[in-house]
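Just one chain is shown here, as structure tokens, and it is the form predicted on its own.
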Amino acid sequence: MKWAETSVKNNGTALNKRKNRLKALLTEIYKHRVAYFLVAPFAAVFITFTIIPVLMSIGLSFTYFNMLEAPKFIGFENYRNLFLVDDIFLTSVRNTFVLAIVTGPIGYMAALLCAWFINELPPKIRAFMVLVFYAPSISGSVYLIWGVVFSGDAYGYLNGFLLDFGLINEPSKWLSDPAYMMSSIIVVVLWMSLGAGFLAFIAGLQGVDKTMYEAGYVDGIRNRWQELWYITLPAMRPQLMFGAIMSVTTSFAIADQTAQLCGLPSTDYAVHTVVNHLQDYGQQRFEMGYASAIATILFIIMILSNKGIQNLLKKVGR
């Protein structure tokens, strides 16, 4: 009986704590009601077109749904088939991680270093160089350009260059031979990686308080690398986080580059990515339950990657 009375007392205490927290939350919302009112339209759009579709996708991943019949609950069968039956999915996971590991960190560091160097230039030259470096991410004909560069005949720019200098005896199939396809795609992705992250780094560098450098030199900063590590990077941590999230998102979402340049599916699935697999089942086979399972796994991978990068960025400047 004494144990039961203690249990009832603890439950009552926990309930009171929840009520107090809810009351404090409502009080805080009412206190900042103008701010919440201004944010409400964006929040409504974000919830409607992002949160709800993600939750629906997770729910559909446990069903068989062909868009003609009502979804049929099948439990974890989609996930079991993905990891135990679908060899192409495992190939796409491997290709995605290869592309993400190679292009993500290299593209991120290249964007940061380019922004740092360009920030040291005079204002007019800096503005021109920013436009030059940002252009690849907004160029609409990028696949046409790279298609000509990597063309498999002797008229392709790369083959023509190598043949003229006697480095190869016959044209190479850069976009259809599995031996060269991954390398070709990595080059294209790296070229396109100087985008929003690069602009964020430039903005972050411009926003660093100049008096911090003077204080840093008084405290013992001796060279530009120490200045970068102990002052510049910690001061632009929000921009670093934004660039990292953009880098992770784009590197794990690589699909258009492979589909446009190498086809869907590519030869021997040499550059078939998880998003390509998702497009195959979602847009061509209309197996939406299976496609939702693929999207859910990709979502989990990206969440874990972002968490790992956040932990790494916390060590910057320490």
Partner chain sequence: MGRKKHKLKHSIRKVLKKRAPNRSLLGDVFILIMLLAIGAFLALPLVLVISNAFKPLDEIFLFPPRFFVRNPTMNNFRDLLVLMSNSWVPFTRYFFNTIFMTAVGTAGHVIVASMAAYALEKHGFPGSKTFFKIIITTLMFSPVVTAIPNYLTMSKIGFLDSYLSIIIPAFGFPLGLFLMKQFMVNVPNSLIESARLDGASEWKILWKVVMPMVKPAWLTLVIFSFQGLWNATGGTYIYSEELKTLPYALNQIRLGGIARQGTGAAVQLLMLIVPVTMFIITQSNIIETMASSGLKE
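Whichever C-alpha set is largest while still superposing within 1.5 Å between the two forms counts as the rigid core. This is a predicted model, so every value here is computed, not measured. Positions refer to the first chain, counted from 1.
From this point on, the text means the form predicted in complex with its partner chain, which you will not see here.
Chemist: May I ask whether Asn66, Leu158 and Tyr269 each come within 4.5 Å of its partner chain in the model of the complex, counting any non-hydrogen atom?
Modeler: Per the other structure, none of Asn66, Leu158 and Tyr269 touch its partner chain.
Chemist: Given that the partner is absent here, does Asn223 sit within 4.5 Å of its partner chain in the model of the complex, heavy atoms only?
Modeler: Because a heavy atom of Asn223 falls inside 4.5 Å of its partner chain in the model of the complex, the answer is yes.
Chemist: Report yes if any heavy atom of Gln260 sits within 4.5 Å of a heavy atom of its partner chain in the model of the complex; otherwise report no.
Modeler: Taking the distances in the model of the complex, the answer for Gln260 is no, it never comes within 4.5 Å of its partner chain.
Chemist: Please check if Trp146 has a heavy atom lying within 4.5 Å of any heavy atom of its partner chain in the model of the complex.
Modeler: Trp146: yes, in contact with its partner chain in the model of the complex.
Chemist: How about Gln239 - does it come within 4.5 Å of its partner chain in the model of the complex, if we only consider non-hydrogen atoms?
Modeler: Judged by the heavy-atom cut-off of 4.5 Å, Gln239 is in contact with its partner chain in the model of the complex.
Chemist: Going by heavy atoms within 4.5 Å, which of 241 to 249, 101 to 109, 69 to 77, 85 to 93 lines up against its partner chain in the model of the complex?
Modeler: Only one stretch qualifies here: 241 to 249.
Chemist: Please tell me which of Asp164, Asp177, Asp219, Asp209 lies within 4.5 Å of its partner chain in the model of the complex, judged by heavy atoms.
Modeler: Partner contact (heavy atom, 4.5 Å) among the options: Asp209.
Chemist: For 42 to 60: residues with a non-hydrogen atom within 4.5 angstroms of its partner chain in the model of the complex?
Modeler: Phe42, Ala43, Val45, Phe46, Thr48, Phe49, Thr50, Ile51, Pro53, Val54, Met56, Ser57, Ile58 sit within 4.5 Å of the partner.
Chemist: Does Val218 move appreciably between the shown form and the other one, meaning a CA displacement of 2 Å or more on the superposed rigid core?
Modeler: Moves: yes, 2 Å or greater.
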